[in-house]
Every structure is written in structure tokens, then in C-alpha cells.
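As C-alpha cells, one chain now follows by itself in the form predicted on its own.
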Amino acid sequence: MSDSAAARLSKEDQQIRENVEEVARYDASGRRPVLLSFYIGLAWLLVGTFFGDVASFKFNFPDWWSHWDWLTFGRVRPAHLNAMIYGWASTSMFGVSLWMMPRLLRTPLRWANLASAGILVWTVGVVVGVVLMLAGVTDGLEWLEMDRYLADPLLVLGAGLVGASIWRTLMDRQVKHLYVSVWYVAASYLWFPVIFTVGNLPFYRGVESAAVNWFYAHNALGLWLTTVNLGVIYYLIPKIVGRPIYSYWLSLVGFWALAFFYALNGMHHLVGGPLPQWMITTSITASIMMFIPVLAVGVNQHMTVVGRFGAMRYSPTLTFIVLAAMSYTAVSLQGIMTALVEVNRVSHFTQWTIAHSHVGVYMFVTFALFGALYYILPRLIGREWPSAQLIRLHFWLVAVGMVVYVVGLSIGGVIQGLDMLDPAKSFQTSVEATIPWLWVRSASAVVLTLGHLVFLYHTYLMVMRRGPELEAPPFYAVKPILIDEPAPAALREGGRP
């Protein structure tokens, strides 16, 4: 690199550096809605965990609590799904978005009170939807079970108010260049109200309804949960390892390829169904094309961390975020494979699908949110996490619990699928083959519950200022093992968050 180029990079680097006071001002501007969303999200994590445990043990003890209508499997299972997707994950994503955007745009959060109102309206909508679900009032569509007239309008309004705050901040930004996390987060708040409204329109019947259902359900994962959390990962990895992302060009390839191909993916859930073949074929083709954004994101994030994996010993945030990034690549490649007809024929309608969805919603989305909360909460509360032991315990409980869960249900799902395809075996045989793996599922669910309780207890200690007051982060004394490699020349491409 010539001296003039180095001098130019140094000048640009100085221009994009932030000072502590400036960052503190951005954090303070959104402190109230961010903390509100995190506290509500954690409450939903507890509620969703309870319903998930009950639903899992229903497979082992079918008559357990069956005399209470509201605790029957048909009501508890969608209550678990909605509490985790719309209660825990989405509400926490509001907080992460509202905290991250002012930093990236170098602008205090605009319309913070409107964002708080949106979070409360959203929460009322989810409460109404889940309570009605437990009472037996549901629209009966996967991921769209909440009542479309009483609950869903509140969700659209709530997300719209939070999105208005984010977009108002974006319009008043003090930077010219938009980091890739801004693209992901800002687009999410346009996509979600559209796909959620389209999915809930009451016009569809029969096959049309099934097609629109999976258009929404798949896009809720790909254009809402995925996009916000990829934005979080793209922000926190460079921040913690202290280097820019490997390639800003690759990050934009990943964003636009996801936006272009993902919307067509949902129909691969209806392979073998009574839909026109061109719809299924188009969906499978689009699913295969997802190789482009998945590899672009995977390569980019891996190359950013390579040589700095030793920092995971020092940072619980990086540990969760890196595992989330790896899980995104894994679940996406798994999804592409599952879209193929021959694979789908074995895996569909089996426990494999449950394992696959938990790799996405838990090992990718929830791990990313755990990592974000470990990073953000001390900065907003002004206190370090009180216990390194509780962080370790939380990590190992949820990591081991989820690995056992996914491996067990994946094996059970393949056995179940092969049995169902064997004309010499009865359907009952295929069901009985899953029984050992359903016990594995329930045992791992208990482990995950313990992990959640540890995390909630630790958060309570920090927020209520109980436990030891640490002057430095819990793992400050741990020396990160870093391989000293020259950072990529991504500064020229604007790759620093």
C-alpha cells in the first residue's frame, strides 16, 4: 500500500471513529424503549418455555392435564410457537434494532416514545392472541394462529410504530454511507407488515389458503427473524474482534440475493400437495438459488472472525453470536436440501421438521439475541454482569440442551419418515419408532428450561443490582488467544460498523 493510500485510509478511519460520549448519547436516546422491549421479551421467554415443556411432555403422557381444555396439545403447542416467535424473539428484536440503528446512523433515536407505544401495542396484541388461542379461538394456520380481527391488527400497528421510529432516525442520519446492518434492519420493518397483512387476509380458501400460509410462514423466518438477526451479527462480530468485515461487497450480495430469492421459497413445504406444479418447481429452484446469499454471508462472517476465534474465551457475546452465525449457514443449507423432492418425501411430516425449525429459531435467532443482550444490557444499565459462573452455566445448558434436542429429533425424524414410506409397516409402527426420541426431546427441553431460568435469574441480579459489583467485565482477566493476521483492506469498501 502506498503512503498516500495509507494516509487516506487513516483519515477515513478517523472520520468514522466514535468517541465514548457520542456513543453514550445514542444509547441514552433509546434506553427506555430498548429496556422495555427486553424486559417484555424475557417475560415471554419464560411463558413460551412453559408452554413448550407442556407440549413436549404431552407426547410422553398424552392424558396429562387433558381435563383442562386450555392445556390440551392443540392449544398449548401454537401458544408455545406464538409466545416464542412474536413474544420473545420479535419483541427482543425491537430492542436490538432500536439500540443499534442510532449507533450506526450516528443519530439519536427519533420518536422514542412512539417506539415504546408500539412495543406496548404489539404486546397487547400477542397477549390477546395467545389468550384466545388457549380458549380455543384460532385461525388455524401455522404461524398465523392468532385471531385476525382482534389480535393481528394490533401487531401490524405495533410493528408499524416501532418501524416509524427506526425509519425517522434513518431519514435524519448523520452518515452518508449505510452499513449493511442498516440495510437488513430497515428493510425488515417494511417487509414484516406487508407479509403479515397479506398472510392474514380473509379471502383465501382451500389450496390458496395453504399456499398463502406458507408464503407467510417462510417469509416470517427469512424476511423478519433472519434479517434483523443477520444485522445484529454483522454489527457485533466486527465490533468485538476489532476488525472490519471481510468484504462489504459480499455482504450486499448476501442482502440482495436474500431479498430476491427468499420470497419464493415457501411452496417447497407443499411438495406433493395439490398445487400447480409450476409453483412447486419455482419454489424448489428459488430454494436452491439460496446457495448464493447463504454462502456469501457464511464466507464473509467466517473470514471476519478467522484468526480471532480465541476471543470467544473472553466474550460471551461473541460465543453466542459466532454459534448463531454458524447455525444460520447450517439451517439454510439444511433447508435447501430439504426442498429437494427426494429428501422432502422422507423428512416432511416427521420430527425432522421440528428439529430443523429449532436450528433456525433457537440456535440462530435465540443465540443471536442472547449474545446481543449480553452486550447491550450492561451498557444501558451501567453495571457488569455479576457472575462469570452463571454465564458459563447458561451457555452450556442451552448449548448442550439444543444439540441433544436437534440430534435426537433429526434421527427420530428420519426413522419415522422411512417407516412411513415402507408399505410393509403400519402407520402405528412409524409412530412407535419415535417414542425414544420424544423422550430425548423432553429431557433436553428440561435442560433448556434450566438454562433459561439461569439467564433470567442472572438478568434479575444485574437489573436489581444484587450480587457482586464487578469493576470489569466478568471475563476481563481471560486472555483471548488471537492469531495476529493483517486485517483485510475492507476499509476502502466501508466495511467497519
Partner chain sequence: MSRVLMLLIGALAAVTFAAVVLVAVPKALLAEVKPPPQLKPYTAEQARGRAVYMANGCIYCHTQQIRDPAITTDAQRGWGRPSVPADYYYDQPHLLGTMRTGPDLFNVGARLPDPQWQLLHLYQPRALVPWSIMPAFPFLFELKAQAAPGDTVVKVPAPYAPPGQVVVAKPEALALVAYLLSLNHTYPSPESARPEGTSPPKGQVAQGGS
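The structure displayed is predicted, hence computed values, not measured ones. Positions refer to the first chain, counted from 1.
What comes next is about the form predicted in complex with the partner chain, which is not displayed.
Heavy atoms of Tyr460 never reach within 4.5 Å of the partner chain in the model of the complex, leaving it off the interface. Taking the partner from the other structure, the partner chain in the model of the complex has a heavy atom within 4.5 Å of a heavy atom of Val431. At a distance threshold of 4.5 angstroms between non-hydrogen atoms, Leu438 is in contact with the partner chain in the model of the complex. Put simply, Leu98 is far from the partner chain in the model of the complex: not one heavy atom of it is within 4.5 Å. Using a 4.5 Å heavy atom cutoff, none of Phe38, Ile40 and Val47 lies near the partner chain in the model of the complex. Residue in contact with the partner chain in the model of the complex (any heavy atom within 4.5 Å), chosen from Tyr375, Trp224, Tyr314, Phe215: Phe215. The contact with the partner chain in the model of the complex, taken as any heavy atom within 4.5 Å, belongs to Ala263 out of Val414, Val127, Ala263, Val407. Exactly one of the stretches 233-241, 106-114, 178-186, 300-308 approaches the partner chain in the model of the complex with heavy atoms within 4.5 Å, and it is 178-186. In this stretch, 316-332, not one residue has a heavy atom within 4.5 Å of the partner chain in the model of the complex; the partner itself is omitted from this view.
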